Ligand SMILES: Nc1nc2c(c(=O)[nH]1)N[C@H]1C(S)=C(S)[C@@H](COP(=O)(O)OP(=O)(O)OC[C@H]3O[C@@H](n4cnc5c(=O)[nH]c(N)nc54)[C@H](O)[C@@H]3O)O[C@H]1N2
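This document starts with one chain, in the form predicted on its own, laid out as structure tokens.
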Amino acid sequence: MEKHMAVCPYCGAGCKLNLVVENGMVVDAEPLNGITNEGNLCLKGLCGFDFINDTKILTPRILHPMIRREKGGELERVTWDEALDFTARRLMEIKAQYGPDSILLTGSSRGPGNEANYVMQKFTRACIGTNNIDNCARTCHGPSVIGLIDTLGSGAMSVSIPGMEEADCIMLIGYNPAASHPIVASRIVKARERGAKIIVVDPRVIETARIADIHLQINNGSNLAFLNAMANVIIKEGLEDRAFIDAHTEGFEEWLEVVVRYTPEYSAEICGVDADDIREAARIYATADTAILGWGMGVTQQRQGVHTVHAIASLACVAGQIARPHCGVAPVRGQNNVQGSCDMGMWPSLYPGYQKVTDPAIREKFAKAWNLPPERLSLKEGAKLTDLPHGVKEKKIRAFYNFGEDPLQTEPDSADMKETLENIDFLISQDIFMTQTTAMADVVLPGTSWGEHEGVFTASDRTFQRFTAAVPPKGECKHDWEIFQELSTRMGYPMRYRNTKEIWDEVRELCPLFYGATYEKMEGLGHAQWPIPTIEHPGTPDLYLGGKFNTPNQKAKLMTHEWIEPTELPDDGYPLILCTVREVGHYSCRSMTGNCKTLAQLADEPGFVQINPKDADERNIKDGDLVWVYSRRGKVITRAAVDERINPGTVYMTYQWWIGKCNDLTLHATDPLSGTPEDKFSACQVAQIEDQVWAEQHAEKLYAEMKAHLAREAAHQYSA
């Protein structure tokens, strides 16, 4: 029996564990004393390992490369040389005919590691010649990255996850850590036990609300009005940190012009909470010795996601609740390496290390390092992942390289995305499982799974940690970075890395924020938290100490905005609000967790719609009934979970389910500043199904057909 050190591939907490291997199979996971988890693991960490073994519970592993020789033809197993030659030829033809900006690529935050993402963005920029590279942060915490860069200069948590335990006040808005990050939730519980005040701002009675000193059940879509009202109270009652504002911020007068209009009484009408409760929350937050303000996708997946992050960062600055230990802002990232994907430049406006693609001096630096004339690197910001549907419709995007994501499951308005992928000239999917997106691909490239490769992940709090391989690659799977460099070499830009350490050392040399994060420092249970500018530097748990922000003048820019209603409001035909949320036992598109025996037994298709008893009674719906949920985009069958903790007038669905797919229903409207979809607010209706026997059979049939379709597509890898 062998044990191999790894970092959990699920949420962004960055928990260390051992993978236990027996007879070439991963048979167990054991918690290690990592910086974040300290000997603990959540449900997914403990039970989410056996997908590596190709259990085929949900969908098969991809073990061999496949291509379609013509659009709409059958997938056919080919050699790696034939697959890469075919892919290189098609990409070069498209580039020659339509230009490099006709090709869009997306990185992966679900296990490949920083090195693979770095090589992919290098392939995108140095070989293809475009900045059309993005990652799943676009659909989740893109507003956090943009909003924090606008205000504070760095698009990341300013505090550490362990440091949350030491704060005197923790305020959560639009964030349910018990479901999203259980290990972070345990830190919040410990903070509460040592006397910290807890403020929860959420329409639902989430788990953390049960231990909160105050829970404000604001109306869905009213975050910005609420935050402006808190700021109003802080100013009106003289709770602001005037010395900090004067010394370390700019834009106070413009910020104040908006804030003065949002009295608690005015905002209470928008938010649906008591004005005095807004005052109480503001007082608790502003007067705490140290306070952390944390948020999740309840903030970012809104029409005003970036605007709301501006308001959050400014609130922290005005209250003086930043730039000190255990005191600041905490956007806790969802996927295990979504922070790392952003760190590595999987972003259409940023090179690795958050260096702007529009800066000629930065372009010069990367061109020199990559042995290119500067003009080979574009100074134009690239397209976003959420630009794909209209880009294809307008014939601007002709090829899409999908790396380790399943946009047909995770992007809004799935019917529109399906039409997009059907109509694009060339679709490449590089993955470990036959997903719904991969089943539509013209080229299928099998990468190695977590557990089969090594590298570095970045946790939500900027902590780099190494992980190692537990078992060798299965079948003909190649490491993702090897695929990218072999493809790049075929397309005329050679890359010849021998291992991930060579890649990581190149990253360090090009990114001053990361330079001190050596493999040696991250050996075993070691870690390195950026910024870490020198080898000797200990790392930085708390950003902006002393009030020095990462802006050009080292001052925070105070910003807030007028509240605007969500895009699609309920009406007589669609009287309910649909909000998407996370599932504690499953992850992302479920291709990984759905292939884990224990996790697959917890819950299965067609998933659930969480609904308040009042709304259920009005529709004659009982707990556990199969129901229809429909919107202007589509209609799905799912199971009702009647729950009094759900606010009336709103229903909640997780996005892991294939048959009860909430993204068949969600609206493809985006925050204009970030391109992030407004997944937290769509109009919908829920209807009873009278014949429950038929409903059960229908859901079972749909699920069986979906699984059979993916299994058939995967089976082509074994055909002659």
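Small disclaimer: the values here were computed from a predicted structure and weren't measured. All residue numbers refer to positions in the sequence shown, first residue = 1.
Only in words, not in the display: the form predicted together with the named molecule, which the text now covers.
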> Would Asp134 count as touching the named molecule in the predicted complex under a 4.5 Å heavy atom rule?
Replying inline: no
> Using heavy atoms and a 4.5 Å limit, would one call Gln430 a contact residue for the named molecule in the predicted complex?
Replying inline: yes
> If you check in the predicted complex, is Arg462 within 4.5 Å of the named molecule, heavy atoms only?
Replying inline: no
> With a 4.5 Å heavy atom cut-off, would you call Met592 a contact of the named molecule in the predicted complex?
Replying inline: yes
> Which one of these stretches, 541 to 549, 430 to 438, 525 to 533, 69 to 77, sits within 4.5 Å of the named molecule in the predicted complex when only heavy atoms are counted?
Replying inline: 430 to 438
>> Considering non-hydrogen atoms and a 4.5 Å limit, which listed residue (Gln121, Gln304, Asn114, Gln335) is close to the named molecule in the predicted complex?
In response: Gln335
> Out of Leu388, Ile218, Ala281, Ala319, which one falls within 4.5 Å of the named molecule in the predicted complex, going by heavy atoms?
Replying inline: Ile218
> in the predicted complex, which residues of 160 to 175 put a heavy atom within 4.5 Å of the named molecule?
Replying inline: Ile173, Gly174, Tyr175
